[in-house]
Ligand SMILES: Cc1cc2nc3c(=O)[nH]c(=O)nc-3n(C[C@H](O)[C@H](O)[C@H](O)COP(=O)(O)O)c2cc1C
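Here you get one chain, nothing else, as structure tokens; it is the form predicted alone.
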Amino acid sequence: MYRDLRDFLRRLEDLGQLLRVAEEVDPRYEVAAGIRKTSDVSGPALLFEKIKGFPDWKIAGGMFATRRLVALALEVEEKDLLQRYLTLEDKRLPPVVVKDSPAKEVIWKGGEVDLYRLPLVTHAEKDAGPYITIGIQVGKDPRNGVRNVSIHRMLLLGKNRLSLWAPPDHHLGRMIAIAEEKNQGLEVATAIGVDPAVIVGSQAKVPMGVDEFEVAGGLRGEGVPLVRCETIDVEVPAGCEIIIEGVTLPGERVQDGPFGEYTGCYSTKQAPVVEVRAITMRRDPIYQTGLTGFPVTENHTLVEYPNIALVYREVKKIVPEVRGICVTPGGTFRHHVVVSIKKRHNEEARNVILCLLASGVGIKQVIVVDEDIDVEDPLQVEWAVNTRMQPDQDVIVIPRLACSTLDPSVPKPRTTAGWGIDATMPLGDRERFEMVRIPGVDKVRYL
């Protein structure tokens, strides 16, 4: 179990999965360029030790840039990732509030607050400015006080102002909307540099009303230690590096973007504004940034297995014999899904397609194949589409679906069409669809 970010960094270094970057880097583009490079070569996580203009800071990046790093964060083998995510919600442990935190060693309040003193990173060429990208936002439902833990981008707007792109169909965005109906702001804390269980737990696909800190506690094997904020009634992980305390300004919106989003395209939105009331941190803080953009980045690897687990659960309700699930890299691990099943009825694949398109999580394309197809092999999947599908019979198109997506092709915000392909063999006539196989290939030793 990792106690904090530093514990995780030490473990990665011991395993040769952390590279310390000694040369000076600029938080404008150069940090992100390093993370982009290590993501592209499936390299290690990075710890930048010399930041231009910020001599007292270090920046950690690419902490989840590969499946292996995600597996190390969960302390499991890569092959066991799906099983770990399927049991993510089974054991929840409540957090424990403690009095002390190293993130309170330095405290800025009121006029001392100055976000420009933090080494916020500008990532992509056309980004509107520096963004906080992997801060953990914590807010409380105005109706019942239940915490929500999530990750949303935040654009630097001024010394004490940030945007908070939390759309109203996300839990935190819904809480902001509920507060605004009473002409109130929502108190939101952003914790930067937390232990990996909290980041993974924040991505769990749990219903609104479930405290994601409890999910993180289950991952850790004990409750997450939380500390109360200085100026707002919110608790954050006690072992974090930096805490930004703020309140949303009711009814106020600001242009957030362009920002290079997970789709690989730029996104510009109207976002709520957070007025920062306090910033606290360690004396020798490590700022953590996360890269998104064209896949594959850590934004994508962090959602890959939560989305696979979600799809697996939904499909299993319809077809108990699920053989494989792949959310594809080109579909940003969100929008394109390949499912292999052992079907017992000729129309089961259609039910799977309709179920997943209606799930509301942004799935845009579903391909269903038989159990003999490796869903991780694009060649086999395309072959199945080629040999086992006729467009006039086996393609389903559904217009106007509500979804959670930043897909730039959608006609209206949070609205998409979806389509599915039944690339399975008919039950009664399978012989002519079978894949040609050569016996003994596995026994060849001379190649």
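Note that the structure is predicted; figures quoted are calculated from it, not measured. Start at 1 with the first residue shown and count on from there.
What follows is about the form predicted together with this ligand, which we do not show.
Peer 1: I need the one stretch from 91 to 99, 112 to 120, 297 to 305, 315 to 323 whose residues put non-hydrogen atoms within 4.5 angstroms of this ligand in the predicted complex.
Peer 2: Only one stretch qualifies here: 297 to 305.
Peer 1: V337 versus this ligand, in the predicted complex: is there a non-hydrogen atom within 4.5 Å?
Peer 2: It does not: once this ligand is placed as it appears in the predicted complex, V337 has no heavy atom within 4.5 Å of it.
Peer 1: Using a 4.5 angstroms cut-off on non-hydrogen atoms, would H345 count as touching this ligand in the predicted complex?
Peer 2: Flag for H345 set to no.
Peer 1: Using 4.5 Å between non-hydrogen atoms, is I151 touching this ligand in the predicted complex?
Peer 2: Looking in the predicted complex, residue contacts with this ligand include I151, since a heavy atom lies within 4.5 Å.
Peer 1: Heavy atom to heavy atom, is G223 within 4.5 Å of this ligand in the predicted complex?
Peer 2: Contact check for G223: no, nothing within 4.5 Å of this ligand in the predicted complex.
Peer 1: Looking at T133, T248, T280, T190, which has any heavy atom no more than 4.5 Å from this ligand in the predicted complex?
Peer 2: Contact check passes for T133.
Peer 1: K126, K159, K205, R253: which sits within 4.5 Å of this ligand in the predicted complex by any heavy atom?
Peer 2: By the 4.5 Å heavy-atom cutoff, the listed residue in contact is K205.
Peer 1: Run the contact test on D4, R6 and G62 with a 4.5 Å heavy atom cut-off to this ligand in the predicted complex and return yes or no.
Peer 2: Zero of three within 4.5 Å in the predicted complex.
Peer 1: Using a 4.5 Å heavy atom cutoff, which residues in 212 to 230 contact this ligand in the predicted complex? It's fine if the answer is none.
Peer 2: Heavy-atom contacts within 4.5 Å come from E212 alone.
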